[in-house]
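Given as structure tokens, the chain that follows is alone and in the form predicted alone.
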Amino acid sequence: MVLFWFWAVAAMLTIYAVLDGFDIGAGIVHLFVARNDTERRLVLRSIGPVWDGNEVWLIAAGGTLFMAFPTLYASSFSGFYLPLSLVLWLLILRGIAIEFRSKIASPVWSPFWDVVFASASAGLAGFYGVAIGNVVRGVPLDQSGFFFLTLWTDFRVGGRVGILDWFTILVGLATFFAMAAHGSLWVALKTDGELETRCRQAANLLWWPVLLFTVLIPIVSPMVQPHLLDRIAHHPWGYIFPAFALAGLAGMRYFNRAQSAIQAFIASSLYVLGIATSTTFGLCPYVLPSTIDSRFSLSIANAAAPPSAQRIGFFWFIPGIILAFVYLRFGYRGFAGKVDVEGQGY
């Protein structure tokens, strides 16, 4: 059952990356693709009914992690205290920027919150990528099972590392560009006219750095985490996951140039899915590698809750996940189609 919980957490984080990825991406690009207040309201309306619901999947993944892998939860939440605090502040700033910008009619008020929204979205994308880079690279876990990370040390990837080094910054930049492209394709799907055209153009431009990082990171990642090569060597069927990412990347380019909005966004979602599943597959069975000694690494075996707790949690998990999917379908089905600025809202 421990493998089920590992993939359940990975699946919820992947769903979060696909769903919240596009509204974070919309925040990154909205100052560049929207030229006036009406167009910025359209960008916000493109994510308005779903952005907070998308974050449910992050909360669900955290709750499941607490239940199924308490050792990992305790170790990571204490060791990543600084970046988690920064992420929390960015989530708060992003949320209040969305809600506050329309409360006062002022030539200063709305533009200020637009900048806050864009900055917080860009910061979130970068920090999420840095977090992924830290998990892939590993952290300085010792025999106690705990660690603490400073913001940076010497930017090397071994020993007493910090949150930031050349590899985690690289993954952070890759995540930033991927989410920006993903968000551009979503806004293009939900809008029309000149705003849609500019979003398509932005997605075309952003595709090139996404391609660059998609090629570069698989080259350098095995140098940082050799377990990735061992994993794929013993389980070659795992090549299907990066194949998803490559198919999605090609589809993003093709369908966006063909002006097929829904197919382009689906391809972008497939790309995010492929990257997330490739990372999960490559790390398994580790959940948090140690840069000090591989014997101190946390795996799905030594970080898991007792079997009895996993069985009890399973019976609560099933109705909860069904409700989450019902809510997801209800929300997006009711939000289908293009958005406009008529009526109440952002």
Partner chain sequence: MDALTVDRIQFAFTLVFHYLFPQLTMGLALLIVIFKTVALRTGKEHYNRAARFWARIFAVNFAMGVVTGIPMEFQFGTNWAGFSKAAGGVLGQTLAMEGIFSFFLESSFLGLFLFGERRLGPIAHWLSAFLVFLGSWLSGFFIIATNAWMQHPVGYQITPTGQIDLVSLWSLLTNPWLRWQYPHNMTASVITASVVMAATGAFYLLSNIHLDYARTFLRTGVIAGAIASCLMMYPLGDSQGRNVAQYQPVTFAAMEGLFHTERGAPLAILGQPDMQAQTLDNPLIVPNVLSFLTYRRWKAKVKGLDAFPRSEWPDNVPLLYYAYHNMVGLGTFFIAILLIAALALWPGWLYESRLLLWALMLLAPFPYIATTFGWMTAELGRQPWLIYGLMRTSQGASPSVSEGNALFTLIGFVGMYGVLSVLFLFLIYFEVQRGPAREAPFNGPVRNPN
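Positions refer to the first chain, counted from 1. Predicted model only: the values in this text are computed from it and were never measured.
Keep in mind that the form predicted in complex with its partner chain is not shown, yet the notes after this line are about it.
> Quick one: in the model of the complex, does every one of Leu84, Ser102 and Pro306 get a heavy atom within 4.5 Å of its partner chain?
All of them do, each having a heavy atom within 4.5 Å of the partner.
> Would Gly53 count as touching its partner chain in the model of the complex under a 4.5 Å heavy atom rule?
Contact with its partner chain, yes.
> Does any heavy atom of Phe148 come within 4.5 Å of a heavy atom of its partner chain in the model of the complex?
Heavy-atom contact with its partner chain at 4.5 Å: present for Phe148.
> Please run the contact check for Pro218 against its partner chain in the model of the complex: heavy atoms, 4.5 angstroms, yes or no?
Pro218: no contact with its partner chain in the model of the complex.
> Give a yes/no on whether Gly62 approaches its partner chain to within 4.5 Å in the model of the complex, heavy atoms considered.
Close contact exists here: in the model of the complex, Gly62 approaches its partner chain to within 4.5 Å, heavy atoms only.
> Which of 129-137, 208-216, 106-114, 244-252 has heavy atoms within 4.5 Å of its partner chain in the model of the complex?
After filtering at 4.5 Å, what remains is 106-114.
> Have a look at Met223, Ile240, Leu229, Ile96 for me and say which one sits with a heavy atom within 4.5 Å of its partner chain in the model of the complex.
Of the candidates Met223, Ile240, Leu229, Ile96, Ile96 is the one lying within 4.5 Å of its partner chain in the model of the complex.
> Give me the residue from Leu58, Cys284, Leu31, Ile292 that has a heavy atom within 4.5 Å of its partner chain in the model of the complex.
Residue within 4.5 Å of the partner: Leu58.
> Taking its partner chain in the model of the complex, which residues along 6-21 bring a heavy atom to within 4.5 Å of it?
Just Met12.
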